[in-house]
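Given next, in structure tokens, is a single chain: the form predicted alone.
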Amino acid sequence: MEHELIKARLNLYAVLKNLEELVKYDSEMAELSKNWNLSIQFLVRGGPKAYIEFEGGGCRVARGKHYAPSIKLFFLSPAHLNRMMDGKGNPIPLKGFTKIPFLTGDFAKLTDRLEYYLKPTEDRLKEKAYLELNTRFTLNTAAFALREIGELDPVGKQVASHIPDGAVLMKILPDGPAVNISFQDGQIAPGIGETSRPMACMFMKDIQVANDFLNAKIDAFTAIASGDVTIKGQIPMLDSLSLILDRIPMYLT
């Protein structure tokens, strides 16, 4: 049960978070969603709550409840949500019955496109545009997964409890993308973009190196020894972060 709960939180809070950037960086999806003005609430019994809001050509994915969602989707359990995310189940609509064609049509195109970027093949990764977005989304997913693993996973909780207060920056050179993870009083707060005065930094040489590194095609020791990955600041924070990141594949494959 705990496994399903962690996976459900990762699906809602880390995987779907990439929809925000999908509508920014994929021109086809930007065109598709530019006139959308609605919100979708996800409610999971005994599990997480989150919503997706489309407005003004942008997208926002947030924790908790939306004040006035256009569509409400209910799930009987975390496992029910996970089955839907795996394409093996359907939600129970509580509100927005007239918008079901939107969910099964245009919105499904958006989520299918996200899945396309998150499930790479060697041939797809040969395309520069695909490589860039797959790497961006992989980095984002890792950053936002850290909070859930650090709060719920037994090993992740133990490791996170020893990380001192401060921020970690993970950036792909020369100009990003980047993510930051802040630790404060036992709380973990991930964010997209850089942060001022990080206590520890990890710089990846370029998009290709980052993709290989984030997908464990090169190990950390080799990457650091070769200079493809540079680390600075409070190195123990990065060591702890790596231990938590190593737990993600247990829940997301």
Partner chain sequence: METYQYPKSQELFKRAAGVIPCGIYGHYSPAPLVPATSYPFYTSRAEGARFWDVDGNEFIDYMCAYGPMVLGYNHPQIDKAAMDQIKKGNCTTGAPGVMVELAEYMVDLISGVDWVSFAKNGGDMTNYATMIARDATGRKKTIMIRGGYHGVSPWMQAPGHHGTMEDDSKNIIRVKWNNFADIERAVDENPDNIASFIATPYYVPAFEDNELPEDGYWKKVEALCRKKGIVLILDDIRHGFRLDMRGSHRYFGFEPDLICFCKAIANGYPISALMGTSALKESTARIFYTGSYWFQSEPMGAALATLKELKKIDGPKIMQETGKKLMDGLVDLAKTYGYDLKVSGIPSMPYLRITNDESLMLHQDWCAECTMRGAYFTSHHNWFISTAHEDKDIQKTLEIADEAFKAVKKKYGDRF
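Residue numbers count along the first chain shown, from 1. Just so you know, these numbers come straight off a predicted model, no measurement behind them.
There is another form of the same protein, the form predicted together with its partner chain; it is not shown, and what comes next is about it.
Of the residues given (30, 62, 189, 225), 225 alone sits with a heavy atom within 4.5 Å of its partner chain in the model of the complex.
This chain appears without its partner; in the model of the complex, the one residue of 155, 76, 129, 173 with a heavy atom within 4.5 Å of its partner chain is 155.
Using a 4.5 angstroms limit between non-hydrogen atoms, residue 221 touches its partner chain in the model of the complex. When contacts are judged by a 4.5 Å heavy atom cut-off, residue 214 does not count as touching its partner chain in the model of the complex. Heavy atoms of residue 200 reach within 4.5 Å of its partner chain in the model of the complex, making it an interface residue. Its partner chain is not drawn, but in the model of the complex it has a heavy atom within 4.5 Å of residue 246. Judged by heavy atoms within 4.5 Å of its partner chain in the model of the complex, the contact stretch among the candidates 48-56, 206-214, 66-74, 190-198 is 190-198. Taking a 4.5 Å heavy atom cutoff to its partner chain in the model of the complex, the contacting residues in 158-180 are 158, 159, 162.
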